[in-house]
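As a starting point, one isolated chain is supplied in structure tokens, in the form predicted alone.
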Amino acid sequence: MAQTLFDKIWDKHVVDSIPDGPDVLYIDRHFIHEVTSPQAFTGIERRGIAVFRPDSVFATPDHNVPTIDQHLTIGDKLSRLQVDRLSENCKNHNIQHFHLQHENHGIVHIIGPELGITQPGQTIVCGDSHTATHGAFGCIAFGIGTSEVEMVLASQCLMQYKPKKMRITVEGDLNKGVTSKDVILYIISKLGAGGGTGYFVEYAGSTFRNMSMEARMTVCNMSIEMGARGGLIAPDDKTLEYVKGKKYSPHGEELDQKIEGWKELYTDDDAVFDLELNYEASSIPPMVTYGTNPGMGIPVDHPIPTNAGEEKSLEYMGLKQGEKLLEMPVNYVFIGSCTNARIEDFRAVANLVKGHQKASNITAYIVPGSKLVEKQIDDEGLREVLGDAGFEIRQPGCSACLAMNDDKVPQGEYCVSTSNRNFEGRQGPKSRTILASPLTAAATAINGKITDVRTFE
């Protein structure tokens, strides 16, 4: 019987099935961070249960950590407590911990791929919704709650109902100035913030095949923003080349055997999806959001639509139906997060801003997703280019993606952000977030107002 890529991976990992209930799914990789894991460790310790597979669990602090002076004691008491507790739990349970001073420290969804921990065909979970990022490697990856984190720590398994399957196909070449971030914002604007609810999405077509692995990660990262359980892309030669040679990747004969299995990870020609959607790459422009969920997106040069039911959101954003965001002044730009804090993002930004200077009204943060990315920024001379343009380069962490650390956007201010969510107060109390690609964010920083990168000289 013909199977989808999702079916092949899911079925291979089913340990047991409960009649008229969920499947018991084996989990290959479990990532944890400082926010959603403390209660889970407390739960298993109270029950006298050890971590079942500590070698399959990887930890890093990212949400609460400061992005300056990381060698100093964390000032915020709660943040320090959570980071310290993660360290204690990892030590007590023999779990690999990429702490703040570790050479491999970084955002949880960035370090997995760059270290080779993430590999095709795996099931991957983390107490964070953007675990969907790892789907770029042909994985079933999704976020889980704290009680589920406890379940996986105790058993390396998870009870899950099998979601429905959706395939989104995009064909053709992207236009000038259009990136993978614009592609996923465009798709979400068509489906809405709940259009993918109940589905796991496979992205297919030449547009995704032509993307780099880092670009694919951006797409899969934001699958959750349309309500989907996750998203994945079939592995190909680009995937295999990316995985090779990483710290935790298989080597030699083991790698050869793995590759033979990875080559079988594709959707059969006759496989059936519950929903099929098709788009043309040529119709996708640079995108921005105007509201308080990622589904409220428009082409950067279009007016805000007159949709019923969006009045409250627009009131929060200080915007009106019919007006344009293009050339609207803003004061903050954030380029980072698990969506867009990889080296390719910063190469593109540096290439665009080289020889320019940011506008005087702009505070612009560049926050690498990991220490390895930070090192690449230095090794490739990007720090000098970005610094000369007036951008502030910080240390790795989730930073201004969410208001759980010191990098907050002030009340009432607009921030053009490369992160994944524009909820009310996401970047700070009463802050206003406009999601965009790194190119749009960088051009905006230079001009001091929202800019169509296609016209940027």
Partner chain sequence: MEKFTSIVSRAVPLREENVDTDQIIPARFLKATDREGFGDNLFRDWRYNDQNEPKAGFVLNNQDYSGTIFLAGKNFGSGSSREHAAWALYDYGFKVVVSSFFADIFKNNALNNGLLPVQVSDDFLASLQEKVESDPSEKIVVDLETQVIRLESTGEEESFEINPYKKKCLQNGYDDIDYLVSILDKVEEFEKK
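For clarity, every value in this text was computed on a predicted model and none was experimentally measured. Positions refer to the first chain, counted from 1.
FYI, the form predicted in complex with the partner chain isn't displayed, but the following is about it.
Undergrad: Go through 286, 127, 138, 113 and name the one with a heavy atom inside 4.5 Å of the partner chain in the predicted bound form.
TA: Residue within 4.5 Å of the partner: 127.
Undergrad: Among 370, 180, 119, 82, which has any heavy atom within 4.5 Å of the partner chain in the predicted bound form?
TA: By the 4.5 Å criterion, the partner-contacting residue is 82.
Undergrad: So if I measure heavy atom distances to the partner chain in the predicted bound form, which of the stretches 256 to 264, 205 to 213, 353 to 361, 152 to 160 falls within 4.5 Å?
TA: Single hit among the candidates: 152 to 160.
Undergrad: Contact with the partner chain in the predicted bound form for residue 241, defined as at least one heavy atom pair within 4.5 Å: yes or no?
TA: Residue-level check for residue 241: no, no contact with the partner chain.
Undergrad: So in the predicted bound form, is the partner chain close enough to residue 36 to count as touching (4.5 Å, heavy atoms)?
TA: Contact with the partner chain, yes.
Undergrad: Does at least one non-hydrogen atom of residue 198 fall within 4.5 angstroms of the partner chain in the predicted bound form?
TA: Output for residue 198 is yes: heavy atoms within 4.5 Å of the partner chain.
Undergrad: Is there a heavy atom of residue 429 lying 4.5 Å or less from a heavy atom of the partner chain in the predicted bound form?
TA: So residue 429 counts as contacting the partner chain.
Undergrad: Candidate spot 393, 451 and 454, all three in 4.5 Å heavy atom range of the partner chain in the predicted bound form?
TA: The answer is no: none of the three residues contacts the partner (heavy atom, 4.5 Å cut-off).
Undergrad: Can you tell me which residues in 15 to 53 come within 4.5 angstroms of the partner chain in the predicted bound form, by heavy atoms?
TA: 15, 16, 18, 20, 21, 22, 24, 26, 35, 36, 38, 39, 42, 47, 49, 52, 53, in sequence order.
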